[in-house]
Each structure stands twice: as C-alpha cells, then as structure tokens.
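For this one, two forms of the same chain are given in structure tokens, first as structure 1 and then as structure 2.
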Structure 1
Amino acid sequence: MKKTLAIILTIAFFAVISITVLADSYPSKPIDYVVPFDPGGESDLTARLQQKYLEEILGVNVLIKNKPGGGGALGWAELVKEKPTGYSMTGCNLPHTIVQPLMRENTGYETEDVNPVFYFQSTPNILVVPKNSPFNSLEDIINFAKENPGAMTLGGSGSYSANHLGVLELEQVTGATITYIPFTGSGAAIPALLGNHVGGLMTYTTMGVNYKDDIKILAVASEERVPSLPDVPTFIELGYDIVEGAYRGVAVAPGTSAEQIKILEDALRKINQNPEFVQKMNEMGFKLEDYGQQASVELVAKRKEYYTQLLGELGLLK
C-alpha cells in the first residue's frame, strides 16, 4: 500500500513539474497563424498587424499562412483534427463557425470543436455599390430587386457568413429576391465589385474605409452609425431592422493545454492594449473586442442561440 501511494505521489510530482516547465518554456519554436481566407480580407489584415507584436511578446517567429476554402470551413475542419501542440492557431469568425454547421452537412467540424483563445475585433456589415453604379440608395436596390427577382447580385465573404446572413435578412425584411455570390474572402470580393461583376457587396466597414473613393456606401448594419463612416446611415435609420456583422479571433486545436491557451490569450490582449495597434485598427474601421477564453465560449453560446432562432425563422436549418 505504501509503495502504491509513493508511486502515485511521484507521478503527481512530475506532472506538476512538467506543467511548470511547459509554462516556463512555451513557446520555444515558431507558431503558425493560419488565416482560413484569402489575403486582403479582415482576418488577414488583422493577423499581419498582430504579427510583429506577437513575435515581440512571445519571443518566437509567427508564420502567417493563408488557407482559404469553403468560407473558412476548410481551415476549421483542419484545425479540429490537429494535434494539440500549441504551435498552430487559426483565425476564427462568428457567425461563420456557428452558422455553417447549422446549415450544411459535412462541414468537417462542429461549433463546439473550435476551441477559442480570444476574440479581439468585430466589424458591422455595410451595403456598397461601385462608384459608377446606377443605384444611389438602399431603396434603389430594394425596388430593383422587387421588380427584377434574382437579377440583383450582391457578393460577400463566404457562404453562411455575416455577409450572407445580411443579404438573407435584407430579403426577409423587404420581400425582395436577391442573388448572393460568395467569395473566398473580402479581399477577393472587392475586385469583382470594382470590375462590375456583381451589382454590389454586403461587406464590412473595413472595406468601406479602405475603398471609400471607389464605392458608394449605402447603409451600415449597426445599432448606431460607426465612427469610421460617420456619414453612412444605418439600416435602422432607413426603416429596416438589420444589425449584423462579424467577430474575429483565434482558436487552437481541442485538447490544447490551459497553460498554452493562457499565454496566447494574454499576448493577444496585450496587443489590443497597445496604443499604436489601437490607432491602426481604429483607422481601418475595426472595433476592438476583449473576449478571453471563457468569455469567448460564452459569446459563442449566446450567438448560437440567436442564429438558431433566426435560421429557423428563415426555414434554413439543415
């Protein structure tokens, strides 16, 4: 009995030592930062702004890798199958990681499999058209879409993303029929808009700030007007109760140690408090958020409840 107890105590001792060593030595080699969208979109822009600060704080190289596909689903399906080493993290987006499993079969992941570390920013949807578009207002688009069902095309980042939901909500509240065109990211959607390959975009405030000289911004899907686009009316102001947008953060493989997650969470929070980073993000049209690991889990649960109800009303649950 004494021998068994001694063995148990020895195992427990070395387990504590191992955790302490892990916390002291992690990270000790480069970390992959996977962006599951094309270069140029909001997730990619944020990752590249964070990169140098992460490297300074963590003391290792951070390698950004773009892996677009399926509106982010390809990257998240790979994420949930990775070994929990702590040396790879993947950008994660709401509502994408909630809505995709609710609406599609075989996404390769479930919402609860995506293990969030920190949600650090958000962006409301905006409705935009090219500068040379004949549409000058939200009502112009609604009237055209009603008179020509399906002829009005609006692009956006991915299927069943915040952009896609924004179009579905616009159809729901107006009775118009609109054709949604999914792109692999916001960065890929903008050239299609500027080349007049789509009639407009349901995109994000960041694209409105970066391309304000090339587009007309007709409405923003926020409760109030956003500081980066003060002259753009909200959908609510225009008579349509649409509030929609995306939250962005990073996630790690299921089973990643709490110690490693805490180190990454603290690093990302520290970046969000850096005055230089804050200024750049504000100038680009982002809203900074502060959802740590536990708060992120609670945010996802709350938003899943909302989207489940919404998709049920639209008759789109799988």
Structure 2
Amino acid sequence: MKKTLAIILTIAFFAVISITVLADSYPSKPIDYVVPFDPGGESDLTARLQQKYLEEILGVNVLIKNKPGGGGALGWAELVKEKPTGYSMTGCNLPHTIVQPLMRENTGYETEDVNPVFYFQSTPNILVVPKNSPFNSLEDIINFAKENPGAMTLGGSGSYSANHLGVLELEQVTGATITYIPFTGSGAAIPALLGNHVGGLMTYTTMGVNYKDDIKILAVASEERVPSLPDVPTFIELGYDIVEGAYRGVAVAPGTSAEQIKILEDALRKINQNPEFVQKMNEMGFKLEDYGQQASVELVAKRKEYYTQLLGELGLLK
C-alpha cells in the first residue's frame, strides 16, 4: 500500500515538474524548420536568413531541413500528421496549400489542417519582357494577344502556381488568349526569357529586382506599388483589377498549443521588424507581410473562397 502510494506520488511529482518545465521554458530543445522545397528557392532563402535571428530570440538551435516533393505537398502531408510538440515548424505557401487540395486527389492534407503561425513575406506577380522585346506596355501585350490568339507566350514557375493563376486572371479580365508555359521554378524560367524563347514571364518581384538590367517590368500585381520596384505601375493603376502573388509563412501541426504558437509568432514578428533583416529582404525584392496567427487564418479563408470561384469558373476543380 505504502509502496503504491510512493510510486503514484513519484509519478505525480515528475509529471508536475515536466508540465511546469514545458509550460515555463518553451522552447528548451532544438526546433526543426522544414522547408518543403529544394534549397535555393524563395522559401529556402528566407528560412536561412531567419535562422540566425530565430536562434537569438528563442535561445535554441533552429535546424533547417529541406523536404521537397510534389510542389511542397510532401512536406505538408507530413506536417498535418505530426504530433503537436511545438518543436517542428514547416514553411507554408499560398496559393499552394489552397490550390493543391482543390485540384488533386490524395494530396495528403487539407488546407485547413495546415495550421499557420505567421505569414511573413510575399512576392507579388510581375509581368516582364526581355529588354529587346517589341512590347513596351501591358497594353501592347494585351493587344497582340487579342489579335493573335495563343501566340503570346508567358512563362512562369509551375502549374497552377501564383504565376499561372495570374495569367489565367489576366486572360479572364481582358478576354485575350495567352499561352502559359510552366517551368520548374522561377529561376528556371529566366534563361527562357533572356534567350527570347518566351514572349515574357509572369514571375515574382524577387526576379524583377535580380535581373532588372536585362528586362522590362511592365506591371506588378499588388494593391500598391512595391518598395523594391518603385517605378513599376500596378495592374490596378493600368485599369485591370488583378492582385496575385505568393505568400510565405510557417505552420505547425494541428493541435499545437496556443502558447507555443504565440511564442513562435512573436519571434517571427520581431524578426520582421529587425532593420538588418528588413533591409536584406527588401534588397532581394521580397515584400514583408504581417499576418499573425488569426490574420493568417482569415487570409487563407479569403483566398480559398476566391480560388474556389476562379477555378470553378475555369472548370478546373477536381
């Protein structure tokens, strides 16, 4: 009897200790930061830039792991099955996590299971043509596409990505017929542009900043002009109501405690306000965002409604 009591007390003692340890000092061991894409892309670059600051703020090591495959789907399928320990976060992207489950069977995850912590940056779409292109404005491209249906080719990163959807929206708004040519990444499309194998690209602001000497940037698909490309007009200014681009953040497993999410959210927000980080991100052409947990959930819901409608009109829902 005494022995049983002693055992129960001991267990209770350790349970209390471990609970208090967990509650008081999260995080207390290294955190995994999973990037569901290959190294070198927009998500990976941001993660590797955040790593140092995250370690400073959280006081633990942050390990970046690339888990690429299926346009990010492999990483997200694994994320939603993880135990909610708070020690692993995965980069999450829009429109990917909305569009993939809408269009594919067996994606392995649902949009709502990707539990966002913070969306910290975005790359609005930009429409670019090579420096030596005969097109000098958005109007030129639309007119050419209307007169020669299908002959206007625009490259971009991937199928049903923000780039692709941007082209579909442009077609819908203007009634022109454009041929979209997917490449395996935003970087892979650049040689095709500079070599004049495509008429232009629907790509991201980061590419515009990087290759600005060799290209003409005709329009940016953000609500207002972006700081890294101050001379580029928005589609809205030019009379076309198109706002499209990719958002990037991190998510944790469903069921992760609110306290842990709050700690990660605060850390990521603090990094987004670090002048050194802000300057580097701007130099590379990223637009910093501030969608905290609640705001992220609302952003995803709003975009999902929109994409469901768009893909429905195009007959592309699964």
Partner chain sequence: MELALKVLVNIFAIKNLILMLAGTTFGMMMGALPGLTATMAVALLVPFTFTMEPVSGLITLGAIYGGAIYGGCFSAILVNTPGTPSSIGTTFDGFPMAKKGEGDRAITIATIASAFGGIIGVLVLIFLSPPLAKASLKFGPPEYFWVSIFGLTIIASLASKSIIKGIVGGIFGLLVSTIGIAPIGGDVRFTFGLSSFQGGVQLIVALIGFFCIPELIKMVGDGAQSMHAMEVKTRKGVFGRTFREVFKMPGNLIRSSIIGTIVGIIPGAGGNIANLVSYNEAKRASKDQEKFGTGCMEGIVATEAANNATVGSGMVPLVTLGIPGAPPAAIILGALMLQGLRPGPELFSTHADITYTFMFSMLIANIMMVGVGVLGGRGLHKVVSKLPVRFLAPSIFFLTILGSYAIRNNIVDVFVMLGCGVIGYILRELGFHPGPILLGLILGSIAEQGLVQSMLMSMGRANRWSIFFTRPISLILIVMCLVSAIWPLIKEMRERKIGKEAAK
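All residue numbers here refer to structure 1's sequence, counted from 1. Remember, it's a predicted structure, so these values are computed and weren't measured experimentally. Rigid core here is just the name for the largest C-alpha set that superposes within 1.5 Å across the two forms.
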TODO: Name the structure that matches the description of the form predicted together with its partner chain.
DONE: 2
Open item on the list: Quick check on Glu147: with the core superposed, does its CA move 2 angstroms or more between the two structures?
Closed with: yes
- [ ] Return yes or no for Tyr87: a CA shift of at least 2 Å between the two structures, with the rigid core superposed?
- [x] no
TODO: Please work out, using C-alpha superpositions, how far the smaller rigid part turns between the two structures, and give the answer in whole degrees.
DONE: 23
- [ ] Mind pulling the C-alpha shift for Leu194 between the two structures, with the rigid core superposed, in Å?
- [x] 8.2
Open item on the list: Core superposed first, then measure: what is the displacement of the CA of Ile178 between the two structures, in Å?
Closed with: 7.5
